[in-house]
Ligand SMILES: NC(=O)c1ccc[n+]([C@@H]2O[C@H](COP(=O)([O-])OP(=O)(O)OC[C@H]3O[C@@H](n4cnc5c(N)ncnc54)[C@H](OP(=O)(O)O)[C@@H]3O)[C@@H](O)[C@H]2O)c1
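Heads up, the chain below is alone and in the form predicted alone; it's given as structure tokens.
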């Protein structure tokens, strides 16, 4: 634990940001200095990151087709103080930062239904996946990557491929990996990647700017490798830590 905290302390000194993870449930209210985040989707990834970010002081606005259902109301309450839920379009309008925590086969319809996304930063953790003869592959309609295609659909927005290489237990508690864990980022806007990187550092993870959005296809390949390994080697899991030299 001392070694883990020492690594995080060095990263904090380098970035000027505290990245020691907060204790879950410790944040009594949102931090006004932190941006609101609209999480489009209330499934496993959206709810895990929503709760984690709320613990760190971010105001969370869930986007859902059915925000008034008991399931979404229960999630909103569990997320913490000032979390709310709206229909997707309304949630998207209330935040500059959006997380697209939705299945690949629903992505086009959801994005088209959110209206004008010009200037928004869209964090894309989507991993399109099809299992064929025991192999974990991209679905047939995904010829490049979800990041590239979402950037085409959401013209004027800044898509950043992010968080797709993480397992949900690491999203909830980065210390579960036993050491530093990298979040590779891909996108066309350096400013957007820097802002997503700041959230990543806040979580206790290590962002790495990989380059342009087309590199999303390789990050999605990393995720399929992780998923395939875990499926065959349960409960063992791969967590990525990348270093430059």
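On a predicted model such as this, the values are computed, not experimentally measured, just so you know. Numbering follows the first chain given and starts at 1.
Keep in mind that the form predicted in complex with this ligand is not shown, yet the notes after this line are about it.
Shown without its partner, this chain lists 211, 43, 35, 179 as candidates; in the predicted complex, only 43 has a non-hydrogen atom within 4.5 angstroms of this ligand. Contact annotation: of the candidates 168, 73, 82, 94, the single residue with a non-hydrogen atom within 4.5 angstroms of this ligand in the predicted complex is 168. Within 4.5 Å of this ligand in the predicted complex, a heavy atom is found for none of 117, 151 and 153. With the partner omitted here, the stretch from 44-52, 214-222, 201-209, 186-194 that lies within 4.5 Å of this ligand by heavy atoms in the predicted complex is 44-52. This ligand is not drawn, but in the predicted complex it has a heavy atom within 4.5 Å of residue 127.
By the criterion of a heavy atom within 4.5 Å, residue 164 is counted among the residues contacting this ligand in the predicted complex. This ligand in the predicted complex is not approached by residue 111, whose heavy atoms all lie more than 4.5 angstroms from it.
Although the partner is absent here, residue 136 is not a contact residue: none of its heavy atoms lies within 4.5 angstroms of this ligand in the predicted complex. Along 88-122, residues 101, 102, 103, 104, 106, 110 each place a heavy atom within 4.5 Å of this ligand in the predicted complex.
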